[in-house]
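Following this are structure 1 and structure 2, which are two forms of one protein chain, each written alone as structure tokens.
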Structure 1
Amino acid sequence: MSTKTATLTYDNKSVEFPVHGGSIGPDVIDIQALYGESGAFTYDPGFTSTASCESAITYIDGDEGVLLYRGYPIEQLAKDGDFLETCYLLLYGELPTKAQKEDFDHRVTYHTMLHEQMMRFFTGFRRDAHPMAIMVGVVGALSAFYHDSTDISDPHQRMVASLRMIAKMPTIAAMAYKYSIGQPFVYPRNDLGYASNFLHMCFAVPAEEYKVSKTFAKAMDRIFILHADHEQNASTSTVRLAGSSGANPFACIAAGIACLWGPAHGGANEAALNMLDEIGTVDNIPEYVRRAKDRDDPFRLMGFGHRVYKSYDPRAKIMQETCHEVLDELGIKDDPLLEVAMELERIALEDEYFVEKRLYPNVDFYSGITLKALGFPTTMFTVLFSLARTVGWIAQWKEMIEDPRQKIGRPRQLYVGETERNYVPLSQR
């Protein structure tokens, strides 16, 4: 129990609130009784100073540039582990033993097939539909096909639903891509690893054999690990809020995908790549940097700075190394986008303006270049993000469901509209 307290004085009345400390990170003031004790609410647009839940999954220290999954640094997981091992860690809290890893990999691999009737969903979309629109629709429809895993009160059904979504998301994402380019669907293969299988479903064609590059598969696996979870961000909070109402897990994940689609959230890597394209060459950088510093100019440098990280994004360095590995594999030595990116990074780390405002490169800065080099169009970038983030959403949803203190989300508001007034008949207006 907490022994610390915080005192709020309001309207000549002082109220004490308990202060809770986590295993790491800042303390939180428990204001659950605020309205009952004082008759007032807090006002916190964007919830930047509000802890909406208690969680043991992911920890971020934005000032120090730290990202931990269940206590493990993201750098170690990305360098030495693989994505399915990270999935197990996020879901169950510990790294798997060899036997647990083999069993988990097997269960995910043998759930990758989609119900054959779901193929008809794709043909219902226009060919030029954004792949994220397809993802929202198809993932939401999973609950119509898998009735045996929608009872959130049953731990076994929750586990089955979790495995199904982790397993089927690559298949759905690859089919969304294939449909958008007019190619036939490629079914999953059980002899391939998670990332390799996804790349095979995206880029193989029936007419010839496609061999997945080990470098590309490793890069894809790292991208999945780096994006697997990121604490209580907008899409994760959306999943938790939807789940708090008792909605089935497939609907909750579809809600998270819809939120991630926003350009201020999951679309940032696409925006960063578009910006590098707009800048074009290193010679144009000084002009764009000048514009970025001008408050009256609408231009903004995308891929720099972060809502949480106030120092270097720990994922960015890993993504930079991965980007170079992919470009080397492709034999791309003088990529203009990479040259612009490297020079922008140098400026951001040395220029007084960027250092003072802590506008360091983030993971989106390099992931866009890497995904483009792997062969994905920009419309698929957020789809890949949602594929990776699915396990984080599921872990957060599972944690919320199993928390006996969880209740339906219901934020309050500061009402600034009209006060009570009487209805005026239409003839008198």
Structure 2
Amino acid sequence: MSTKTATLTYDNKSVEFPVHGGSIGPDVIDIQALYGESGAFTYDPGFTSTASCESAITYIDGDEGVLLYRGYPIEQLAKDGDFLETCYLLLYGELPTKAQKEDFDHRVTYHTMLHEQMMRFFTGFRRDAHPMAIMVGVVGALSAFYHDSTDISDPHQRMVASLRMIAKMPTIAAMAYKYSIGQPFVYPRNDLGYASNFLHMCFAVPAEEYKVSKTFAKAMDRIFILHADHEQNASTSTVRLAGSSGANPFACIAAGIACLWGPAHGGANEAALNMLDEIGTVDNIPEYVRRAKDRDDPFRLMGFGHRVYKSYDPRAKIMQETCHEVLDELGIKDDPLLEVAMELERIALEDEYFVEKRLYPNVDFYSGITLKALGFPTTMFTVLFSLARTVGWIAQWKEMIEDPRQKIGRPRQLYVGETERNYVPLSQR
């Protein structure tokens, strides 16, 4: 353990704090004793300089555009692996052997069906309900059906709940989609791989055989890998905070889905495609770039910028390649949205505003074009993000629950409200 320290001088008193170093990345100044020693809190809205936990799962270097899952570069996992292998890696810390992979795939496959009564939840929603509203509701309700995997103190129940979440999210997501278009639900099939099974549940109809395109299945699987985990982002921090109270894993994942929905986070892929649609043609780009730079205009380039990446998001590069593969498979040579996206990226990356603020395309910039080409409506984009991110949320939740130092998260505040004053009876107001 590091012997480095940091000293803070406050109110004519110096307080020394231990500094901890990780395997890679910035050191942390351990300020747990600050309030007891100084009577003051730290102040860090948005947690721009705060490490909320110790984790061994995912590492991001925002300056270098590096993303590692358990030490493996995202580029290698996306190129040579598959999503369930990545799930195993994120959950257990090592790539599975052949036997471990076969066993894990089998266990996930045999948890894909949903309790039949859960179908009634869907019919309670309006057909035009946003699928993310359905995901929050139905995932939160899982704890009402799977009581035998809600005791978080039991490692076996934690493992079963983890597998159920990973296995059932595609089924629930596909049902949310089918419900929104008025088509019958399609049951999962045990003879299909994870991504193929999901595409089949989304696009098959009882009236005829549906053959899943290998290119589409590979693209879908790779998109899941890219979105699987991302350190302590807003939705993962939400899951950790919910889990820190001892809430069951299904409720914690529902909280993560709710947070991911926001356009500043996972909702950006839907917002980015809507933005490209609104821009419409390359000629309109300069006006939108002007608006994005105008501090008085709330408009931002959706799919651009990132709290951590101050260089190109490595996922965006892979997503762009995947986008071209899917469009090529479809024989789409000049997709107008892709044309606008690539010209917007070119202009933005040359513009001093974006260069100075180090704003680059993030994972959400190209994902929307790819998902639209795969046949999904924009309202399903964040649902697909939540499907993929479930394994990251579960892995981070598991890491927290298994940490013997774990305690409930309870931040403090800088109070700027009224000081104490006496009640005035209504007759005197």
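Counting starts at 1 and follows the sequence of structure 1. Note that the rigid core is defined as the largest set of C-alphas that superpose within 1.5 Å between two forms. Small disclaimer: the values here were computed from a predicted structure and weren't measured.
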| item | value |
| --- | --- |
| Between structure 1 and structure 2, the form predicted in complex with ligand SDX | 2 |
| Core-aligned C-alpha movement of residue 345 between structures 1 and 2, 2 Å or more | yes |
| Shift of residue 95 between structures 1 and 2 at or above 2 Å (CA, core fit) | no |
| Flag for residue 234, CA shift 2 Å or larger between structures 1 and 2 after aligning core | no |
| Distance moved by the residue 356 C-alpha between structures 1 and 2 (core-aligned, Å) | 2.9 |
